[in-house]
Structures are given as C-alpha cells and as structure tokens.
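This document starts with two versions of one protein chain, written out as structure tokens and named structure 1 and structure 2.
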Structure 1
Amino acid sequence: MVKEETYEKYTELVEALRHHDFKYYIEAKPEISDYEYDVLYKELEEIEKGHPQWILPSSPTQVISDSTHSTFKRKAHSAPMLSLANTYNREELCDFVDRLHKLLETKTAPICAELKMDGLAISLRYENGVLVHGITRGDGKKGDDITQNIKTIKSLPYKLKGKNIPEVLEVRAEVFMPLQVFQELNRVKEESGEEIWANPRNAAAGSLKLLDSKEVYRRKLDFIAFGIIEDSSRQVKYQHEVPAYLKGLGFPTFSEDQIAVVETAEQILEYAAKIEKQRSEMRFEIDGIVLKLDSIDKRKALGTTAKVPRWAVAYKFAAEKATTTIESITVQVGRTGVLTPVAELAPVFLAGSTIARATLHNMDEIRRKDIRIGDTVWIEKGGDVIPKVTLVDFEKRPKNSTPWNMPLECPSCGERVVREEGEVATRCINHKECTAQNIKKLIFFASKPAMDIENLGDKVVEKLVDSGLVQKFSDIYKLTSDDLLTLEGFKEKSADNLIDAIEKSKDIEFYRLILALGIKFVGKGTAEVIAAHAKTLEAFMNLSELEIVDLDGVGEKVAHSVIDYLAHPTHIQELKDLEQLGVKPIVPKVATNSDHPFFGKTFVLTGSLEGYTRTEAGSLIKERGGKVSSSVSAKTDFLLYGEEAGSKLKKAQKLGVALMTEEEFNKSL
C-alpha cells in the first residue's frame, strides 16, 4: 500500500499494471516477475477498497486482460474464462475456506487441490466426439480461434475414445512447452543471436500465436486437461473425478498423486509442501496449486465476480530467489560468434544447488535492468538452465559504480565485434580464426543430438584444440590412440574408448551429420527434412535454393542459410574429407512398394484435417513412397485438403490437379 494515496498515484498504478498486462499477454515479454505484479495488484485493490469512487472501468481489477491477437478469428466462449484470485499465506487460505463455509452455510466443504500450471489456458470443444475448435482465454468472453495450431500438439485427441462419449463436451486445459524443449530452443535462439524467451509460459504463448502451423509443430507443445465446462452426459459430479474421466476419453491429465481432496488450511499447506518438493522433477513449470470446491453442482450457487469464481483460488509458491553480489562480468563466445555476458556471482545456495554464474543474455537486457559489477542482485531459478538476474538492489549499489559495456573486441581472437541493425546480439564475425567459436562448433559437432561421440566432451575438445591435434571436424577422424596418450588425463583404456566412439559415429543417421555442421537456422526437424530429400552427401552438396524452399516446412531464410554454407569451398572440402575418412551417414529407407498409389506421387496438403496434423499425414505419404511439397504446381499429383482450404485449393483446381478428401486419403492408405 502506498504511503500517500492520491488519485494521480492511483491512475499511475492502473496504467503501470495495464502496461505489464500488455507485455505479458500480448507481447509475451514480461518485464517483472509474477510476484512483483501481484504485489502491485494487491496495492491497487487496497486503494480501490478505500476509494471506491476512484475506480476506473479500465482498472485491471475490473476487466480480464485481453490476450487476443489481431491475426486470428475471435470466437465467443460458451461460458466465461475467468482468472483466479491469488493467495500467498495461511491467513489468506483460512479466509478462503471460511468464505466457502459461510456462502454454503455449512461447516465442511471438501476442496479439490491440484497443480497450478504456468502455461496458456485454452478451451476445447467436442461435438459427437470430434474436436470442433480450440480458443484462448482472450478477454474472458471471446478468444482467439487457434484450432489449426493446437492440432499440431501430438497428445491432443481429435476424436474422443471410450464407449460413453458425450454429444457435447467442453474442457479447459493448459498448453505448455516442456522444460527440456524450452531449454534447448532457448539455447539455439541465444547462439543464433535471437532474443530468448523469458520463461516457458511466454514460449508457449508466443508459439500458439504463430501463423505457420508447421513452425508451431516444431515447438513440441503439450497440454493437460483439468476442467469440464460442459458435458451433455453429466457423468462427473466432483472435481477429483475429472482427471480419471478425461483420461478415459483420451486426454492427458494430472496423475492421481498430483491431486488431493482437502478441507482445512492445514491440509492445504501439507499438500502444497508435498507438491513443492516434486516441483523440480516435473516436465512443466508450476507456480503453485489451485483449490476448487469439489462439488461441481454447488459451484453454481456461489457464482462469480466480474473476474474470478468465488469457489476457487490459487495458492502461489514463493519464487525461488536468492540475493548475492556480482563479482565480475565475463563474456562467452558461442559457435555462431554471438557474445553472451555472464555474471560471475558470489556463490549462493538456491533451489538445491550452489549458483556461481547467471546469464545476462545481451547488452539490451543489461541496460534495461541497469546491471553493474558490484551490484547486489536477486537471482531466480525458472525454466532456464542457467539462473538469471531478475532485480538489482539499487540502495546497496557501491558509490563508485559505473555502467558495464560490451567489449569492442572479441575476448577470444581480438577482432572487432559488430551488432547489426535490428539484432539484439553482438557478434564476432571472425568465423574462420576465432578459437572460442571453433571450440564451441567442435563441441556441438560431437554432442549427443549431433554426431553423438561418447567421451568427447567440452574439456577433451579444449585439450585437443590447445594441443593442435584438432582444428576442424575431419581432424577428429584422423585421431589415433597414440595422439590421445600425449594428452594429460588419457590412459590406454580411455584413449581406446574414445577412438571406438569416433569410429562408431561414422555410421550416424544422415540428419545428425547435417545438424552437426551447425548451419544457422537448421534444427533437428529441418535437418531431417533435408536429409530425407537429399539421401546422399553428394546430393546434399549440390542442393539448389529453389529445391530446398520447395521442401515441406523449410522457408526461404533457412534455404538461403544452407546455400550460403554450401557456397564456401572450405565447407565442401570438409564434407569431402569426412566422406574420405569413412563418415558414411545412414540413408533413410525409401518405400519400395511401387504398387501403392502414393508411390512416386507428389502431394500438397492444405486446410484442417480431422484425423491428422499435416506433418503426420505427410509422414504417411512418405512411408508409402510419395513426396510432399509446400506449393502447388503443374507437377503436383494430388492436393489433400481439409476444412478451410484456401488459395492452394483454388490454384489446384485451376491447374487441374487431382483433389483428394481425407476420406479418400484414408481409403488409399
């Protein structure tokens, strides 16, 4: 609560919260933590309680923040999607329990406790067992129709399973990006010099708002269904029965040990403590627990306010934070030349481990938070692999403090660094001779996702480079046991083990080799598509830009990057050297059933298919010897189309391309 309440300060607080709502819901780039937001929100509530005549219709306490996106169709919710009130302590929990008793005029009120996921809330509607649409929360009354994008989620059922399928079923669910996926994608973004996501929730929200469903599919989103809004069969009467019921229909839900029926504040806190211990082992982020009146029928009697249901509340965990000081700021150079500042911290224990370093991401982030050497800072462990600095305690800043700036020269090779217009990254463009870049490239080449050379870790690569034994990828395959025995730490057995692992990697899957090259913008999915098309190293080296662009799921930016890589004679020579040294990537198997109607035929997919994502349908076509293209031309044999097919359908009709419905596709399979 502010010390002096004035109408001017009240309106400033309203505008500040509206600004943070915009950064969180629309841009998915929050500037403050959830806890800091909640503190400001409670301050606003207190002011409005004391001065109800000041309340503005636009106040965040009066309206649900609108997260709709102008590029999506808006669709009305059959029932409002409300927010939840937040609680943080035992006193507030007791108030909630007492309020339920008072409203229900009873001494006991069983409450279902479950996880509070930190994702994106959506509503899914099924009619006659078939998915009709998926809508985001939006402003609570209308949301974005993201049906096409949620169909890319592998765990999402298009058709419900079981015997007693209701005619109408509407469920609430939470879409999330698995922590492992989030960490890997953020690592790739940071290495490419792109702005990273603040947390998995923002990553999921940003992914669902993409216009390209193929790119959404590559983000590997998942979801969990947790609530029922409408069920024509009325088979469930209690919230604790919902997970088992929805699981029987084919939805991913909370497990039995993740929910509990409780009645008192003590039981709630006991459940919360159990869940908080399990928090670090979960594959998705949670920031607390949700408490709902267990009886679904009795909820109607309690009703809702303009923003929140009276029968539910969230109990949020304290953020995993600690204070420490920044002793220095060092700069790491990544394999693409991106310079990343890192805070070297006075070691502090946080969330089960001792933290001595925290990424500062880029110069923009340092300026925005005004981070300096010697500062006392709050660090937080969220979805990132490396903890991050969230706040600076300016009152404890040393008097002789000065702003920190990115070095003008690469700390590894001494060459001048550049920052291109429109990019957040500062780069060393000395790609040929920068030792740090070369070491990172070699480390990635040998890593598990790429060539998977066991025992060739970071420290070993550094020793090999320092000794002069390895400078490029092909040098790895020239190593002998005698070479390794000259290095500190190697004995006969460890040397032989590494040589065996290097030999084994020669027969790696083709896409892994393409990925290992470290071509900008080429991730695992893109590498798989290119490998399946090229089939041989020779064909890969001779790819044209038009050929790559025509591949399903590969855009112009990626195609240009691949061609730019292949245009360098040194890269081509390196690929030839790898081949001569025995690296023979495994060529994907091609369907040999020439009798199948798909064999040798080129398909283009458009519109929304009922039983498959377009990626899944494309895989089925390829398994039968067919090809999938992203654009319609005179060479297209079939256009497989679903609902809301657009310009591709019109073009196919104009060119006389054979049209195939999903029903015809199923019969042909």
Structure 2
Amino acid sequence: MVKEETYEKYTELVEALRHHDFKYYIEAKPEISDYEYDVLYKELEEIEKGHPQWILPSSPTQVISDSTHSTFKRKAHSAPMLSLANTYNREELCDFVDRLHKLLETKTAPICAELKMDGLAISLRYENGVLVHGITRGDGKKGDDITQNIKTIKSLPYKLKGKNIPEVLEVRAEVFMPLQVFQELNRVKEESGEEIWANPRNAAAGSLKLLDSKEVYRRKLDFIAFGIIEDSSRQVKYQHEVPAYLKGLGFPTFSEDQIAVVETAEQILEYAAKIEKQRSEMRFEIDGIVLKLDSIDKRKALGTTAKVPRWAVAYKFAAEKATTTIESITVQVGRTGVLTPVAELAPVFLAGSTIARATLHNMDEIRRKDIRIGDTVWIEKGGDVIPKVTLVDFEKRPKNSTPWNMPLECPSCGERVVREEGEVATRCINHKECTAQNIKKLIFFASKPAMDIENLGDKVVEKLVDSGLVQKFSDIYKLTSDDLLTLEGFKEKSADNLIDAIEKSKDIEFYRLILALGIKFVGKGTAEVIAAHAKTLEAFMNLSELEIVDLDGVGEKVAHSVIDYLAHPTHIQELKDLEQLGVKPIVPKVATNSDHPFFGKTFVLTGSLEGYTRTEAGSLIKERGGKVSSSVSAKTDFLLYGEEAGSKLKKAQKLGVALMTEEEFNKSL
C-alpha cells in the first residue's frame, strides 16, 4: 500500500501517537491495541526515513514518553532506562543477527533469549544489600520514586540474600499483576458497576500510581527481575547467568527453561514457538520475547541510540485478533442488577477457540467506540478469557445503521432501569423480584468461591428456580432427593450427590457465607475482614456502620452498603432461616504459637477424611498458623490426603510435596 506522504500527514501522525502515549502511559487507559500502535509507529518511522528534514523534536521516535505522575517525587536514573526496538518477522530477526555480526566483526554471536513481560519497567537500587529505591521508567532519564508502593510486593526482597552481596546493585525488572488477580479484581469491578481495566498491564500501572500503599498491597502485584545495570562485584559476564545470580540474591526471575542461548534466526524462531505454546499457561502476560547479546562486556562496543540499545531487540507475538460482524446486541442482568450489553457475533475462530459473543461492558464503552448492530469489528483476546471488541471498521458500516441504546426496561423483569450519577453501570433495581438477578444471585451463592456447593451450577439453579422449588438461599437447604427427582435430568445418584454437597456446605468458613450473600461492594477481602471481626452470625446481624468503617481497609461506601443490606428485615430473616436449617459458619482462630509445625506452612487437602470435613480440618490448620490452598504447586508444604485422593495426590508426588495421612495429621495437632 503506497500512501501519499505529506508534511501535514506526518504532523497528524505525530499528534496521534503522542495522544496514544498519553492514554497509555499517563492515564493507563489505551484506546488502541499495542499492535495498532506499533503499526502507526512503523508508519511514522518510514516517513521520517524518507523525509529526515521533517523530524520533529517531539516525535515519539525521538523521545521516550513521559509516564511520570506529578504526585510522586521524581528521581534521576543512574543510567538511562531505555526502550527496545521491535521486530515482527524472520527477516527483521535476520537483520538484527547480521547487524550484531557486522558491528562485532564476528561470524557468530551468542544471544540470550528470554520472555518479554507485558508489565511496567522499574529500576531497583540496593546499597549494602538493602533496597534504597525503586523508580519507574518516566522519560528514561528521570522517573517516579515509587519505593513505598513496590515495598508492598511480597516477592520483592527488601534485603538481599546470600554470601556475596555486592555493595551496589541496580537491577531492572518488570512489575505485573498476575492474571488470576486481574480477572478476580475485574470481576468485582464489573459487579459493582465500576469501569474495568482493559488488561493486566493497565491494572498494574493504575495500581502502582496509587498514593495509598495499603490499597496497592491489596492489588497483589508481583515482579520479575531480568537485568543488571550496575553491580559493584561484577559477578556475571553473560546474560544467561543473570537469572541464576539474581535468584541467589533473592529475586524472582526467569526459570532456566524460560531462557535459551541461541545464535541464528531459526533458533530464535524455534524458541519463540516454544514459548508461544506455553503462553496461555503462564500466570502473567507476555507479548513476545527479548533477544540480548549474551556477552555483557561486548555490549559497550555496540552502544545505544537515543532510545534503544543496539545489542537487544524484542520480537513481538502476533496479536490474537480477528474480524467478524455483530449480529445483535443482547443485555445480561448480573446478580447485583448491572446490565451488561453483549455482542452476539458471527462465529469466528480466535486463538484456539470459536468466539460467538463478546462483552461490550457498558454504555460508555459502546458510545466511545460507536459500536452498532451490523458493524464489522475487530475482536481481540486480552488478558481475560472474555474477548473484547477493540475497533469498528466504519467503512464497512451498513448505510441504515443507527446508534444502539440501552433498553429502558430490564429485559428480565420489565422494571425501569436506572443509571446513577457517577456510575458507568445501568442497573435494574428491582432486586426482590427480578428473576434474572435472582438466578445469578443463587448461582453465585453456590459457586466455588462462596458456599462451594458442588454440582449446583448454572443449569441446575435455573431448573430449580423455574420449577418454583427454590426462590431464596434458604430454600436450597430445604431440598430433598425427592424434590430433585421431579426435575428433568436427575437420577437417584445425582440427586443424592447434590443433597450431600448441600449438606457439606453447611460447615462453612464465615467469610464465604458473607461473600455468598452478594452484598454490593463486598468481595472476598472485605468479607474476610468482616467475618474475622464479627465472628458470629448474631454479631454480624447487629453490626453498626461505625464499627464497619473502623475495620482495616473498609471504606464508607462498603460500610454503607452492608448496613443497607442488614436493614432489610427479609435479609435478616433469611440469615436466621439459614442458621435454623443448620448452616454453621466457622471463624478460624488466629494462631499465636509460632512453634507449631503447621505455622507458616501451606496445606492442600484432598480426598475424604474420616474424622473431619475439609472445612473443619482447614480451620484446625489455620488455628495453628498454617494456610490452606486449593491447588498443589511447588509452594505447597503438605498434602493432607484421605480416601479416594486423585489428581492432587499425583501432582504432589510429582512435585515432591510432603504427604500427610489423617493419622499423622492427628498426631501433629
């Protein structure tokens, strides 16, 4: 495609890119995908190559976008924090390899290949083994001093470990929000009608900028260190030795199989293909790989341009995107009444699965992108599993198309919907009688993070509500096998299994019950704090607003919502009914005895135990200062297993996790 290159076009492009830089770096709310940005950037580079006399000092190719935030102290970097040039194909990789050979006057140059983390760059300085500061990239010369905030990252060493601690050490690292945390926080945001983050990178950027470090702590950020800028002890000579060295000092970094030493473009592509296969299993987002000349000494000979080093490049993965058309827009009603518009798409294959729906989030989002029925759109899979519509192809818009509007009435109950000032969400406020809300509430009540009633999923809840057997939470505990047998699809065994699962859920940690009630703005963290404070259902029902506001990390908005909930006599009656029907919330006592062998240890429970339900065993562990996790990983200390233990036991054996029988557990208690 040959485009006419005029000076006017050039300045427009500079302006557009500066605008997108602002959205991305300052507001952490990008309007276009990284790929789309890169296309524009390439176009700009091409024009500047052909017309060097046009180059503006403010062109994004000449300056690193300033991402500093006026409320933090600015601090100078000891060495410029550079960016990386991008490559996208074999040809560009060959160019990079050839250039290395030419500049170094050799025929081979080992290159270290590693992951390109999609987070935020930070520089960490340690003096005499102690963290002195953490600075963001900023304009490359000066950045924001965010030491207070990065100290909330649990995996970040405040003091270095090991024997050979250098007097001065400055490392470069990437801060990110783990995908699981991102998805959970976004789910909570969506439910409470707040604007959601576009991707984990923005979530991490937004979180690091918060002035309240306590809130940053709640965002559960993590990081990975990958570069050494200064090391007074000069212990490493090659990039491939960096991870092991940093690990020894206590930093989280790349594992051995996440890096490779390669020499040719073919080997680089082979490594890239291997990493791309593992991409969906990773707990963080990556957007490509980074290639660095392995010899650290030889880098000096190559030097840097104003923006990027000549000894390294990124190789970016193709974005996971596709085009399709919007056949209709439907509206879903969530459990708090939030209306979510959903695009029903002509099915299209995208990153391993067929996509037929994409969330459009809310009315503001639809307006901003001007999305209409009949439009041809680009869809993309971001950090979330739910695909999103990124762009409309306006040229393909049908002539008779009209803007879409949110219905004025709830599609489930027909009541008028409202949009409160300052909220992005439109809601159905008929909380009592809206069937869609009721079904969603019941589904959430039974779900894994809440009451964890196995086999009580979406379909079964729908059937129970349709048949009139269940209307409120307590009805679940009145169900009998005979009731279930009247429903289509239930046989004796499946009916008994569900009744057993319901029975089991009666012994439940208190916070889960509070979470399960679906009180607006009350997520897991808040529920935990309230449960630990109230301890009994009785006390919970009598909480005062002042008491709640006083709790760590609970604000006025949340306190108000809880009090609002408890002020409804039907809610109180429901809690009493649940109690009467045998729901017995447990609050684990907090351990004070750090000598107990369970103290600080992480347990996973599997199979059925003779003497305890899993919740009871979990409470006993927590009372002794241990933690209980739901999945086995390298971080698990003990697997407590009972009869019919399955895949978790196998995984634990594979990972070499210590196994514990019920008898051993009893003894240790």
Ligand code: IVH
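Residue indices: 1-based, along structure 1. In this text, rigid core is short for the largest set of C-alphas that superpose within 1.5 Å between two forms. Just so you know, these numbers come straight off a predicted model, no measurement behind them.
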Two copies of the same chain, shown separately. Which of them is the form predicted in complex with the ligand?
2
Would residue 413 count as moving between structures 1 and 2, using a Cα shift of 2 angstroms or more after superposing the core as the test?
no
Could you tell me whether the Cα atom of residue 159 shifts by at least 2 Å between structures 1 and 2 after core superposition?
yes
Threshold 2 Å Cα movement between structures 1 and 2 at residue 536, rigid core reference:
no
Where the core is superposed, what shift in Å does the CA of residue 623 undergo between structures 1 and 2?
7.6
